[in-house]
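There is one chain below, alone, in structure tokens, taken in the form predicted alone.
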Amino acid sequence: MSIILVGMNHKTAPLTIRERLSLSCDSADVPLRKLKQISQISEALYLATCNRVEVLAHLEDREGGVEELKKFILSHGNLSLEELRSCLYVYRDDDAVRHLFRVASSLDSMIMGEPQILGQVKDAYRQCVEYKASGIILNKLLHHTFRVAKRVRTETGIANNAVSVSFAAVALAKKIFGFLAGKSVLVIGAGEMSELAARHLMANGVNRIIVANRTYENAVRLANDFHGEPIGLDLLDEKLNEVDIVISSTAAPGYVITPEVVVSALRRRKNRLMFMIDIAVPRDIDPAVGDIDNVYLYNIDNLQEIVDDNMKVRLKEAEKAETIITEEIIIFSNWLSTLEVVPTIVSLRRKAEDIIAGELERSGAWMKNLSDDDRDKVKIIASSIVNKILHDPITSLKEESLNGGADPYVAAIIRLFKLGHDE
């Protein structure tokens, strides 16, 4: 028996290949159905996201199963052998467990510490269970994985610092205002980065958004996503005083916002704080705006410095996370190693229970004179004696299995107790 993980991710395969793998099925049960048809696979989990496609499997036949999994990836994604060799990774046993723990804990993500991947792993496991593709090994492993991810999230600061420009903008806004509930934001331009920053701001309590764009139709499109108000760039001067936060990202050749416009807006706002994020290159907001009292202006380089510093902090926290993962691998590996002696232990207990049942049945004549309560007490005493006799042998058997030396003990128990089956 062995645990195998095969797959490819953003580090090993370009997006075009990952797309072919993830889009080649209509629903999650398609790859699971095909995986269950592989005779060497007893359990399987299929994980597909925009950054990775992986199969986690419990195999009865290690080598034959690995080759079948490679064939599955090859045909499933319509890949060439060259693409498969250059992109595919294969992890076995402890290495497979370590990789899964790292994935769920977001150590293997494109943005370390992001929370989405854990939900995606949970969704993949839910589909695995619903399609009856999991068993004792994967059930235990996945629940253990969720525990590891929780430990990493609570015992380290891996997710505490913003490591994207949009998150950094939100973190800065929180520092400046204390809280964002009730604040309003003006998005200038309909670029991806400004849209993402606006989404994060709205998720953190901002309750009003105005979208300004040179092309009014694009302003309408983006504003509709936020239930906001679209305007043309010609209305910037008029609307600037109504917002607390400005995010600007246009392709304009010159400054869209000048010091004069900001001074005028502040006067109408009675000098209430204004936070401005200029993520355009070339810049949209005249740098001189940053010298105005009650205005906090940050550009793309300022935000990137914050991101870089925070990434250093996350990398340091990742070292703590790796230690947690190593500890948990040992715990899971110990549990897994005891499974080889479980059939023998089950057979031994079953034989003991059969002996107790037989003896009690032969003693039925005199036990008839006992009350139901007394008969139950006799059964409990008999079971207790047998359990105490078996306790030390079973404990020793489990301990030997941890060291990989259980085979001779298993053979001896089978022979001595005539268990009647070959382990």
Partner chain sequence: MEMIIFKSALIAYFVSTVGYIASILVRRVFMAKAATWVLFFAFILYGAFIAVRWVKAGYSPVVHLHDSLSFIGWAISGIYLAFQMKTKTRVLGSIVSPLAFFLIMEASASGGLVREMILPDILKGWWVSAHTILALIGEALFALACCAGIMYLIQDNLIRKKKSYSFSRLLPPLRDLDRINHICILWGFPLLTLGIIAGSIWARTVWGSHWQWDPKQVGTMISWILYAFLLHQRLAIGWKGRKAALFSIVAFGILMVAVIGVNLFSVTVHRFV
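No experiment lies behind these values; they were computed from the predicted model shown. Residue numbers count along the first chain shown, from 1.
The same protein also exists as the form predicted in complex with its partner chain; that form is not shown, yet it is the one meant from here on.
Contact annotation for the candidate site: His10, Arg18 and Val121 all lie away from its partner chain in the predicted bound form (no heavy atom within 4.5 Å). Look at 289-297, 342-350, 219-227, 109-117: in the predicted bound form, residues with non-hydrogen atoms within 4.5 angstroms of its partner chain sit in 289-297. Arg272 is the sole member of Arg272, His143, Lys71, Arg126 with a non-hydrogen atom lying within 4.5 angstroms of its partner chain in the predicted bound form. With the partner removed from view, the residue among Tyr255, Tyr131, Tyr91, Phe177 that has a non-hydrogen atom within 4.5 Å of its partner chain in the predicted bound form turns out to be Phe177. Taking the partner from elsewhere, Ile306 is found to have a heavy atom lying within 4.5 Å of its partner chain in the predicted bound form. Looking at Thr338, you'd find every heavy atom of it more than 4.5 angstroms from its partner chain in the predicted bound form. Among heavy atoms of Asn302, some come within 4.5 Å of its partner chain in the predicted bound form. Its partner chain is not drawn, but in the predicted bound form it has a heavy atom within 4.5 Å of Lys183.
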